[in-house]
Structures are given as C-alpha cells and as structure tokens.
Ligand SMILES: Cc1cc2nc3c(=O)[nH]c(=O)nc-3n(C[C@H](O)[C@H](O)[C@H](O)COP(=O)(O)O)c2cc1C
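Single chain ahead, written as structure tokens, the form predicted alone.
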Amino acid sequence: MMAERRALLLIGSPRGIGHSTSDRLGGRVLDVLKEHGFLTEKLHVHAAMASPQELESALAVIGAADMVILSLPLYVDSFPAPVIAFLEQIAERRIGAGRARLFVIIQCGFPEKEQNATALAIAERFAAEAGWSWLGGVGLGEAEWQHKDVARALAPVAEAIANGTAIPQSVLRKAMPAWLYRFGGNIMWRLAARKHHATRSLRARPYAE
C-alpha cells in the first residue's frame, strides 16, 4: 500500500489565508497536488509565530509534510521577518530533514522578476541548512497585476512536482511590458492622491535640503 503524501502550503504574507496573492498563487499548486492524491493543508506563518504553542503546533505539521510550498511577498530583497524567524526554527531543529521537499513562489511589486533573485538564493540556502530537497522556485514581478495568468501557468509546475519530473521554468511569462506597468502605476498614484486631496503634493521633496 502506497504511503499517503502530504503537501503543505506555507503562506508568508501578513494577509494570511484567503486574503493574499500568496495564498491564491500557492493554492493553485496545492489544488493540482490534491488532484494527484496528496493530502493538502495550509499554514499561515505569521499566525504560527504568534505564540510558543502555535509555533510548536506548526512545526509538528512541518515534520509530517513531504512537500512544502512556500509562497510569500518580497520584503527588502528577502522574506518578511516572521518567515525568517520561522525558517530559522526549522533549520535549527532540522524539522523534516531528509524528508521534506521545498518549492518557493516569491512575488514582488516591481516589474522585473529578477528582483527576487536574492530571496530565491536565501530559500535554497535554507533548504540546504534544514536538510530539505530543493526543487527550485519562481520569482514573479508585478504579481498583483497578473496573478490570474500566473496561477494558470503554475499548473504544469505542480504537475511536475507531483510526478517527480523537472519543473518547467519556461511556463511563466510576463503579463505586460515594464513601461505599461509603470504607466498604470502612475495612474493609480494620481487617483489615490486625488482621493486624499494630495494632488499638489505628489512632487513634494520635504527632505531634499
């Protein structure tokens, strides 16, 4: 009888389960793994770090997982602080060593997905320190704009994870050129400034001197 395979989605966004891009993107991978017979579960990292009791409970879930998908936003070329603290606990205690496999989805608000390179390298280093198998990861630019398209593109990535084959990095494409992203972003800033009666302050430089 084949042993049950367990897949865990770690959500590294402060917004948590059901309210974040990280959940939507990681959830797409989790859905496909469930179709392949994986038992699936979600865990909000920030909630896990709320108390020692929550942390111990979360680490027990980690220890039972065969496949871990870490989905999170980019914070200053790295991870949100609670995620860093959580991963340090895992690596220090070697939770899941020799068993867990790790795939990471990092998304940022910049047009260039290359902004995520340092964070992906940190994730790979964590896997080595924890004794986990590193399956790789994807760094997504402008994810808030394109998460529906990316979620569809993640399906073949999840298929590869489930079947133990190489992950096709080529399935992810930019949804819009950088100039269009900047154009749209400027429009949003102007609308927000108008809403808060701050249009005249957009070019203010209070610390220039």
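Each residue number is its position in the shown sequence, starting from 1. Predicted, not measured: the structure shown is a model, and the values here were computed from it.
As for the form predicted together with the ligand, it is not shown, yet the points below apply to it.
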Though only this chain appears here, would residue 134 touch the ligand in the model of the complex if you measure heavy atom gaps against 4.5 Å?
-> no
The ligand contact at residue 77 in the model of the complex, heavy atom, 4.5 Å = yes
Wondering, does residue 109 line up within 4.5 Å of the ligand in the model of the complex on heavy atoms?
-> yes
Partner contact for residue 15 in the model of the complex: the ligand, 4.5 angstroms, heavy atom = yes
Listed range touching the ligand, judged in the model of the complex by heavy atoms within 4.5 Å, from 81-89, 67-75, 125-133, 95-103 = 67-75
Heavy atom within 4.5 Å of the ligand in the model of the complex: which residues of 12-44 qualify?
-> 13, 15, 20, 21, 22
